[in-house]
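Taken one at a time, structure 1 and structure 2 that follow are two forms of one protein chain, written as structure tokens.
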Structure 1
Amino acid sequence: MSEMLMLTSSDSIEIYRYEEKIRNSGRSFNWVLVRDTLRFLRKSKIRKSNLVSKYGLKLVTQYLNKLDDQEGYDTIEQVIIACLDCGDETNPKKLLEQLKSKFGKDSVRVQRIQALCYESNNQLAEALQIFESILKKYPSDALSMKRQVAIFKGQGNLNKAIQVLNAYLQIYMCDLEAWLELSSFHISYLSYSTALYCLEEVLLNAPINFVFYIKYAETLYCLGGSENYNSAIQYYTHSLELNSPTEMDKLDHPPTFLPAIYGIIMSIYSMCEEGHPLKESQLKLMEWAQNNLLIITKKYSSNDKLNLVKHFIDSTDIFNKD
């Protein structure tokens, strides 16, 4: 479950500023700046594993005495996870020994890190055993349940992953990313109706995120049928209301609402193919979508891509059907 999903633009700007300051510090190691950077990443729940492993490792090995105890051990955990993300198996083992000497090997905090190290080494049975033992003591431990889901997903055991994720969501019902993950599992099984239920929970938790309205519309489209196509159009158009195309001329990159335009064209075309009568507003919407798709493609793509888009529009044209 992606931890970057809810990254805000202000967080991105702040991270960029920290990275620039670190790069501009030259050969000298500014431990205060690195500490503040890692502190911000922990607070924002952002990984940035390459950055953390590169500079954080030196911080915890050479400047740990500069940090207070609580922050020092929090930083060690952060660096261990970053190193594991980057494929470093040596340094996490050394740092884990420091945690064991402080908290003891039976500490839940240490056991979690130990299980992550097992995962990194592909010792999945050992990792699952640790997570299971933690959950026996603390049945609502979120991290252990999430890691179980990740392991079962990696093994291709989606039934088990769904089972654990359902149990997790009975406790943490407002976890948007978990609902998204569960919807993707059900889509893998072509269980679109159940996936729609999961996505409805996502929309309740993030009612102004246009991306989720597109995902919901795409799932409706996959269900098929004129009623679902019509509903999909409504969700695609609402995503456009949230992600307005009015300032397209000012963009120096392709706009982010293209999936909605493609979705509108395909939904209206599919309704027409099923013989469903179209409203005047839907005909106008189809014309608008086709025209804007051509304009965007001409502005941002090569002639080869433009030819493909023209062919797509011709093949889904409802105005000049034979």
Structure 2
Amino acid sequence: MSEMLMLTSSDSIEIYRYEEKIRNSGRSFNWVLVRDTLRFLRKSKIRKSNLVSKYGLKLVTQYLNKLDDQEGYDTIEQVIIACLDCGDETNPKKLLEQLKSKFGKDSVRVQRIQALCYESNNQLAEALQIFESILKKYPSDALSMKRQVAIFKGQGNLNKAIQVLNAYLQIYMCDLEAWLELSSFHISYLSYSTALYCLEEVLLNAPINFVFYIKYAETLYCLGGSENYNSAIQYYTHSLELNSPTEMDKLDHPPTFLPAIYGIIMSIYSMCEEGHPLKESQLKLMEWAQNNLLIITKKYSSNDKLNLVKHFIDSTDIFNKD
């Protein structure tokens, strides 16, 4: 799910730049660069466990005194999670002991990390027990509830995961990530209408993020029917308003609105296939989308793609039909 959020901002470009710098620093360990990269990753919540476990581990074991207190322990927590993600079990244990001695075994944050260690070792019952005991004392501890959802999802028990997630969302109605996760559960069960409801909450919470409008439109398309294709077109065009193709020349990276253009073409074509009459504005939109698709393909894609895209435009054409 975080991949969806990454697409939106310049975060993905920035993390790429950090990674490049680290790669280019070669054998010398630039602790300032690593500290800044880890800081950025904590803020943007991008998942780069290989990077964090490799460089972060060195930072917290050899350069911990260079970091100020609070940041040092934040970084240790970040490195523990990254190491667990990479399947490392020995280093997290050592670092966790460090945290336990500083903050005590009863600290909620330390307990959560302990539960994560259990999770990674497949001791799910122990992990769930910890989260239950935390929730008894602090019934609205968001992170514990979310980990419960994650455990149930990992066990393949989607029904239970949906149950806990629904209970969580009763309390935290503005949690964008949670609504996205719930929508993805429903999409994997092919319950597209319920997924649409969740995506509507996502859109309410993040109305200027173009990615979610595309997601909503695609889910509408899955439901099918002319009315839904019609609505899908509106959401696709709204996402284009937020991620404007007219500024394409000013971008320093390739355009990111191909799903919207393809989606518009598919939706209009599907409406036409169902015999639904098209408005003048939709015909113009179709023509514009087809042209733009060709322009983007000629400018950014390799030559062999042009043939395939031309064929796609021909197959979904509504203008030259008999």
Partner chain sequence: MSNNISITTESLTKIHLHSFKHHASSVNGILLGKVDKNSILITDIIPLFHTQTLLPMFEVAMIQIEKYCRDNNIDIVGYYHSNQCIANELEPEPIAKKIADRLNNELNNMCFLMISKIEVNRPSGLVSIDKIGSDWLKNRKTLITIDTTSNSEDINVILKRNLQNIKESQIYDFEEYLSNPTCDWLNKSLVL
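Please note that residue numbering is based on structure 1, beginning with 1 at the start of its sequence. In this text, rigid core is short for the largest set of C-alphas that superpose within 1.5 Å between two forms. Note that the coordinates shown come from a computational prediction; the quantities given were computed from them, not determined experimentally.
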item: Pair member that is the form predicted on its own; value: 1
item: Cα displacement of Asp85 between the two structures reaching 2 Å, rigid core superposed; value: yes
item: Large Cα move at Arg17 between the two structures, threshold 2 Å, rigid core; value: yes
item: Core-aligned C-alpha movement of Lys100 between the two structures reaching 2 Å; value: yes
item: Per-residue Cα shift, Ile76, between the two structures [Å; core superposed]; value: 3.8
